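Only one chain comes next, encoded as structure tokens, the form predicted alone.
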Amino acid sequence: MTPEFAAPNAAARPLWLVQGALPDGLDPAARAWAKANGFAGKPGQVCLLPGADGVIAGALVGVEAAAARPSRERFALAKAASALPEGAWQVVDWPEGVDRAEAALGWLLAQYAFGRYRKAEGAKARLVAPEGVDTARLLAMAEAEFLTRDLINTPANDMGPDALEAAARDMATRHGFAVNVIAGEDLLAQNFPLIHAVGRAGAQAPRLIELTRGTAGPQLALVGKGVCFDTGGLDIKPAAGMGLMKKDMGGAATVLGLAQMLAATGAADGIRLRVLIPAVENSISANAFRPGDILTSRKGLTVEINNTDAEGRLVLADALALAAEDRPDWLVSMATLTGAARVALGPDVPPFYCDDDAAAAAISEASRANWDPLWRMPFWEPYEEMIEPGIADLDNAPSGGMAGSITAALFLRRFAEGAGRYAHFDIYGWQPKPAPGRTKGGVQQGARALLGALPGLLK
């Protein structure tokens, strides 16, 4: 499916955005109808207006007053997209405090539905793009979000490493990326032992997917966790913990969406863009890696396996080490990595880690400007000893249960050494319940913030 705006034409129905009081330009019959139907301009309230011939002539939608900012809801106007009937709609006047670009993007995102296995439809109402917004950029954002959502929502029987590779190849073909894939035993031959160890018990061969675009300029490397299903390995998850593990490739889905956005908006022009996705299944078989094993990574650091369910950082480690060897100006990792991040910040606000204060401030500002909430967390140096088990260089699952997201980020940072600057995003990749512009299911997190921040940070 492709998100779209309505073409401006005379057939577009008028849409009034109401902050409490009814607008002055509303005719007396419409005012009487709205009052008779209990419309009070409350945020999210919708009132369809009848015409003289009995057809729908327009609609009123309640929106928050400017003084109520910041809103409790992102993309609040997307409620109207889902409530209004099919057809073109044009806002009559934009009240003060209503962000036109946010409203337009939310309206586009409300068009999404996952219909691979049964018929499903998103909002059918189409908005005439507001004046002054960058429609091409908003459409690129929505298209990339649809890609990410589709990949996450697809279950592992149809989105294993083979299918994830196929999806990456498809995006690469459409947006001018070259593709290279190292799979199976070739991972060992080319020194990716951790990716091989985690994925060798899977039904499909583990692999490292590499996409590249551009030959000159500063280099941006994006690394996304592609664990297509996570049983927990021999430290097997309970059934309740395994239920959402089709989304454990959410980091890979997000960096593919981000790479698509960078290419589609022109932000990838003039840079060298590299995407690395270690794609595996963490499964159980006679050759599965075991608790207590000590593995040697591509970087040469040894890792004691104290929990096979902390596999994401292992596959990311080899991919980060490869990326760092090329000394990119920016190295970014995105992963559905820890439950600790969800306990700390919930499903809506992923933490990110970055040592550069100015860059972190730019990412935080871009997260607000692009309606993509993030919260900075620290690479807390005193916790380094928690990931050093004594018998090996690193511990993949420190005991004690504290600071789990921070210790995972510290673990990954060891393998990012050599990059100019590094940022890690511990995303959730899932919308637990429907919200404006976001159906229940897979969701993109952090990508729009990076789209906003990275062009300036790569200068």
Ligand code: BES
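Start at 1 and count along the sequence shown; that's the residue number. None of the values given here were measured: they were computed from a predicted structure.
The protein also exists as the form predicted in complex with the named molecule; that form is not presented, and the subsequent description refers to it.
Just to be sure I understand the contacts: of K124, K237, R100, R376, which is the one whose heavy atoms reach within 4.5 angstroms of the named molecule in the predicted bound form?
Going through each option in turn, the one that passes is K237.
Please identify the residue among A319, A197, A81, L337 with any heavy atom within 4.5 Å of the named molecule in the predicted bound form.
So the residue touching the named molecule in the predicted bound form, by this definition, is L337.
Counting only non-hydrogen atoms and a 4.5 angstroms cut-off, does A167 reach the named molecule in the predicted bound form?
Close contact is absent here: in the predicted bound form, A167 is far from the named molecule, nothing within 4.5 Å, heavy atoms only.
At the 4.5 Å heavy atom threshold, is V61 in contact with the named molecule in the predicted bound form?
Heavy-atom contact with the named molecule at 4.5 Å: absent for V61.
Any of the heavy atoms of L412 lying within 4.5 Å of the named molecule in the predicted bound form?
Contact check for L412: no, nothing within 4.5 Å of the named molecule in the predicted bound form.
Give a yes or no for I182: in the predicted bound form, does one of its heavy atoms lie within 4.5 Å of a heavy atom belonging to the named molecule?
Flag for I182 set to no.
Thinking of the named molecule in the predicted bound form, which stretch from 349-357, 255-263, 188-196, 301-309 has heavy atoms inside 4.5 Å of it?
Going through the listed ranges, the match is 301-309.
Mind listing which residues of 418-448 have a heavy atom within 4.5 Å of the named molecule in the predicted bound form?
Going through 418-448 in order - heavy atoms within 4.5 Å of the named molecule in the predicted bound form - there is one hit, Y428.
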